[in-house]
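A single chain, nothing else alongside it, follows as structure tokens in the form predicted on its own.
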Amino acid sequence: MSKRKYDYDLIVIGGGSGGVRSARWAAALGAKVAICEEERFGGTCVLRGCVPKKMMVYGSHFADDVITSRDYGWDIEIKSHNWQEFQEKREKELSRLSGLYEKMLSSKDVTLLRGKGSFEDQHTVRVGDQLVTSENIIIAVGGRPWNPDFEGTEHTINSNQFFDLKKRPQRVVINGGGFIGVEFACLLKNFSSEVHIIIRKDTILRGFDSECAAYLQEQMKSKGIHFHTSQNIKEVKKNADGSQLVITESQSIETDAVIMATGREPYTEGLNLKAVGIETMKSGAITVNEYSQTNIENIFAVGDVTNRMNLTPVALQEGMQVAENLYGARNDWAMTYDNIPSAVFSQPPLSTVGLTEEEANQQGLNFEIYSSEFRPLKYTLGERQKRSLMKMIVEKDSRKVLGLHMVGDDSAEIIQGFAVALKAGATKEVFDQTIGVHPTSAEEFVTMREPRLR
């Protein structure tokens, strides 16, 4: 590279998944890179989201597994769960993972700047009292919880603070029916908490296939989760004994904790975007093109701060592609968002890839639906009615499989494999010609023969 005009070729603001990936990738391609982070490296996914949440999902499963084992002749007693011990072990592992992120960056000679980054101009970033310059800058600061405003909101905790609870609440109210609220509700119920979930609409998981979301909601009800639909929290009061009283339009609920799971917003506060004229949307998300480039040619943004598709693997891909376009052999690698698989780690989990039935209708497509609803073999020896739903959207003319959806055990693992087929443009005939592994739930996707009435 020619002599540098700036301190660095690239500065990344934010040390989460997208930021770390872009910094590492650019450094591996020969760029001089710095990354600034005000907290631990790892971001939402490692520290306050995917990883600790999945650990809690795993932990909450064991009591249910013991119950299932009795159907197979095991005599196992469930005694108790030590929440504090579990939390300490989880936190130790998160610290280890955060340390690995730092080591990976250092191994690529990426300079670690401790503190929050903000703009002075389009080539200058302030980190504390230090000013550093760079030819290019990537914003990867992620998002943060958003809470509605009502009286007594100070008595609630957000989805980040949930992971800091020193004691499992015996009774809990969760406000919000998105994937965060649904996941928290399910895992806390499996840990034996009494769970109430308040949602503004009639059903959970807006944006997912509505049939699958409704199916999951019924499964959650059957586990004893209490739904309060078409409701909003009007007030939360602190009682003398430390409990809380949640007041909605039609009722009051006494609880030990109120968890707000009402969504997240881009964390642009303090970036001083106006100093360089970076355009944002009404939501606060940074506006970018298909190359993750802002309206300022040398400044890019990746991950949740752009509010495109807020998934960790998406942020990783966006960050890698920006680095590759800037310093790699190509400069025209645009990000695409079709057929990206995702999962809600509820119990049972819901996973999806491709179009929902509603999206296919909105696009005016001529399509068929294939589906299968069944009781998995694992549960046939007992009395519990645990069931699974699998659904396929097929375009009639081309026979191309447009979408796959599943509610049931192992759905995330199953959908991940089939996502490759959708990305490759597989048709229904390709699925029909594929031999299933028997006996598995996954084989249902290759044995659906007759479309159902829509």
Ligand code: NDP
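Since this is a predicted model, take the numbers as computed values, not measurements. The numbering used is simple: start at 1 and walk along the sequence shown.
One more form of this protein should be noted, the form predicted in complex with the named molecule, which is absent from this view; the next part is about it.
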Answer with one of T262, S118, T111, Q219: the residue that has a non-hydrogen atom within 4.5 Å of the named molecule in the predicted bound form. T262
Scan F345, Y327, Y370, F227 and let me know which has any heavy atom within 4.5 Å of the named molecule in the predicted bound form. F345
Residue-level contact is defined here as any heavy atom of the residue lying within 4.5 Å of the named molecule in the predicted bound form; does F179 satisfy this criterion? yes
At the 4.5 Å heavy atom threshold, is N339 in contact with the named molecule in the predicted bound form? no
4.5 angstroms heavy atom contact with the named molecule in the predicted bound form for L94: no
Taking the named molecule as it sits in the predicted bound form, is R200 in contact with it (heavy atom to heavy atom, 4.5 Å or less)? yes
Mind checking whether each of K53, N232 and L311 has a heavy atom within 4.5 Å of the named molecule in the predicted bound form? yes
So which of 70 to 78, 119 to 127, 249 to 257, 179 to 187 is the stretch with heavy atoms within 4.5 Å of the named molecule in the predicted bound form? 179 to 187
